[in-house]
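Listed next as structure tokens is one chain, alone, in the form predicted alone.
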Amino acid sequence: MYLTREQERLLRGDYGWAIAKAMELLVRVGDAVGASELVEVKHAHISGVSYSNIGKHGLDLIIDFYKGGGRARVYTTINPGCIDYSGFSRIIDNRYYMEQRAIDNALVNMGFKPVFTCIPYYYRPPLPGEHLAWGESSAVIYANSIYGAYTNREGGPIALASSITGYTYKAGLHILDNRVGRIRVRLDPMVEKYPVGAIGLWIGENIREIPVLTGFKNMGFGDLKVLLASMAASGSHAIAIIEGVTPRKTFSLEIRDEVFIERGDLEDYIGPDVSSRDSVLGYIGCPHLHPFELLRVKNLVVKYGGVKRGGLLITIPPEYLAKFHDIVFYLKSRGVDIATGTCPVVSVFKQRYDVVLTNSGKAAFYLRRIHGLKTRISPLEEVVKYVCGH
């Protein structure tokens, strides 16, 4: 790999152990994937920071970088951890409070923004063609597909190294020639009413190349967010070309095949029916709710009269507690459980439920595998309607 004189100094250790170790990590990974050089990044987003996922060894790694002098050289945001920062949730278990606080304190002292959310584009929307180093699969696919930014799907250590150095390896989706859509995906008209989370899971699992989504541009912000996050969960996709949405000149097309998604394709992804005997948790907020979605949930709770059956959990960035105080505390007064700075995928439940009813294909995918829970995917309104007893 070609390095500039400044990059060689970083690697040599002229700026301290942490930067040298971070550069070594980037160079080794870059060499392994055939990158010929590094590229500057404008925004890093650190994932893999939940103690329930990374444990003591992950905590020690972050502390080592902090004590070794690692500091953010570019704008850097932090993904959710495993504790509810509001302290109000009756559902999220804060058993790892001290360990998670140690991780978060180290990251904040390194200069990272304590947003603790999987929607970093809410805080800093990237520009078309802008190079990023983002962890968090749902954020990566959203940045590439909606904003036309350039980022690979990075693991937490690579995003951390990029923040400390200001660089990442130039390979994969940092190169325009690799951003080529080859499989056109269309929806059968009968499928358009099916939950987008299930549609995303099907696309992720069955389309192996970069998909070109035709007829999806009329989906709202929330539906596109859930669709893309679901694709990233089941298929590790980092980009989809959405006709009429993905910015021009950030991709090219070489269509080789066309696929229609039909109604029968989706039944297995939706999940089993909910029985009247089941204890049910409704869950909305994977990825975290945007303010427009938070307002929509509030309006639906008003419409259906509050939670009366099972429970309803929503997850949001911590700053919403103050910024949208009236909405948050209205929802709590109507029986909605609210957790901030975390989500069920990276945390621990205080109690078990027979079924989690969610609009998120990503949540359904991981809750089945990580927590062994039964899940069913339904549209957002149907989730609220069910837990409100309608």
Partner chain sequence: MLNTSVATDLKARPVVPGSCSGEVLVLNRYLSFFGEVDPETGCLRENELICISGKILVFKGSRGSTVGPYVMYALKKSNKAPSCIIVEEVEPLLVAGCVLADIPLFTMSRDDISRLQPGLVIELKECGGLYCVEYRV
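Computed from a prediction, not measured in an experiment: that's the story for all the values here. Residue numbers count along the first chain shown, from 1.
Below: the form predicted in complex with the partner chain, not depicted.
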| query | finding |
| --- | --- |
| Candidate spot 29, 64 and 157, all three touching the partner chain in the predicted bound form (heavy atom, 4.5 Å) | yes |
| Interface membership of residue 47, the partner chain in the predicted bound form, 4.5 Å heavy atom rule | yes |
| Residue 322, heavy atom within 4.5 angstroms of the partner chain in the predicted bound form | no |
| 4.5 Å heavy atom contact, residue 327 and the partner chain in the predicted bound form | no |
| Contact flag, residue 350 vs the partner chain in the predicted bound form, heavy atom cut 4.5 Å | no |
| Heavy atom within 4.5 Å of the partner chain in the predicted bound form - the one residue of 355, 346, 54, 336 that qualifies | 54 |
| Candidate stretches 260 to 268, 110 to 118, 157 to 165, 174 to 182 - the one whose heavy atoms come within 4.5 Å of the partner chain in the predicted bound form | 157 to 165 |
| Partner contacts for 1 to 28, taking the partner chain in the predicted bound form and a 4.5 Å heavy atom cut-off | 17, 21, 24, 25, 28 |
